[in-house]
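Only one chain is given next, in structure tokens, and it is the form predicted on its own.
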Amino acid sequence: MSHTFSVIGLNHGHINGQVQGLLKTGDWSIKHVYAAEPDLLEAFTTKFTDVTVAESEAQVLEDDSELIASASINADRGPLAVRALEAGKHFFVDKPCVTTLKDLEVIKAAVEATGKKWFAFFGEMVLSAEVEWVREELRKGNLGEPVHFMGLGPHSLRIDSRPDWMFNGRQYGGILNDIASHQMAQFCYWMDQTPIPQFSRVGNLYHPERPEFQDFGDASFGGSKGATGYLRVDWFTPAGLPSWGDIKQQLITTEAYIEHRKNLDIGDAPDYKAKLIVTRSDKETEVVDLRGQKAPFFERLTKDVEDGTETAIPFELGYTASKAIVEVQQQAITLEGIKKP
């Protein structure tokens, strides 16, 4: 079956992965793109030459495409989702999905009223074969019961290349809401529990020239079935790291210890290969080698559109993770920044 999609909002480079993923299934073709920024449009149309540039957002919402993909400015994503859903389109949005709880509740109402799909793109999670492997082992009962999850998400800043909206508190929405949304979604996916925020912190520790920016954040939270969680994110990845971030997840269960070194193993020079390391009560430590594999997220998304199922990312998971991460962002205390000499 052939499907068409259009794009509104090119403000984060993740849109390229969203579009490429849809096109690579062979089931989707791209129709329109709209963005207010000429430079972003030029870069996008150079990469995706089959797309037609729309004159307005309204033109895209009124076309016959089935789905809108977006990576617009963070604060614009919630209202845009509602406009797309009410126009009869499915909506595929990069994380963070929203910046306010009000926007999230309006989206939920629109999904219920229209019957259309709202797909959250937590790329670090939904594309990972290792994350999927752990989830399936948990479902099968092969890893015991979840006890504690820790997610670390350091990122490289490259401050001079970042757009101005990233340093506007209202438009950006905060460090936890943005990059820690990956970790919160993975807690929901692995632990199968609703996060209950407990304590969180944010701060602009070392970038006083950008007063509304946050370069550090962490949070602790419980789970509705008794598990615990902790996450930490920052913009302090050193330039010498051969990756944009040393992303890690650690999972403790009643029967196993799992560490997912998602982007690389920093101690495994010169190859720096990513690793999934699993130790169980009844087995010796093993490295589960799934290199080169990806979870079939885009194929599942396609089937969800066709069949009305929720196999790619259930609405409830995207909603629950988004709600919890906005809450920890809003409840965070602010740390004192470091004074530069």
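Note that the structure is predicted; figures quoted are calculated from it, not measured. Numbering starts at 1 and runs along the sequence shown.
What follows is about the form predicted in complex with another copy of the chain, which we do not show.
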(request) Check, residue by residue, if Y230, K248 and S281 all come within 4.5 Å of another copy of the chain in the predicted complex, counting heavy atoms only. (result) yes
(request) Check whether D234 has any heavy atom within 4.5 Å of a heavy atom of another copy of the chain in the predicted complex, and answer yes or no. (result) yes
(request) Answer yes if any heavy atom of L205 is within 4.5 Å of a heavy atom of another copy of the chain in the predicted complex; otherwise answer no. (result) yes
(request) Verify the contact flag for D265: yes if a non-hydrogen atom of it lies within 4.5 Å of a non-hydrogen atom of another copy of the chain in the predicted complex, no if not. (result) yes
(request) Give a yes or no for T254: in the predicted complex, does one of its heavy atoms lie within 4.5 Å of a heavy atom belonging to another copy of the chain? (result) yes
(request) Could you spot which one of R158, R139, R170, K225 gets a heavy atom to within 4.5 Å of another copy of the chain in the predicted complex? (result) K225
(message) Quick check on this chain: which one of V147, L80, A110, M166 has a heavy atom within 4.5 Å of another copy of the chain in the predicted complex?
(response) V147
(message) Please pick out the stretch from 52-60, 299-307, 282-290, 34-42 that is in contact with another copy of the chain in the predicted complex, where contact means heavy atoms within 4.5 Å.
(response) 282-290
(request) Note that another copy of the chain is not shown here; using its position in the predicted complex, name the residues of 180-201 with a heavy atom within 4.5 Å of it, in sequence order. (result) Q198, F199, R201
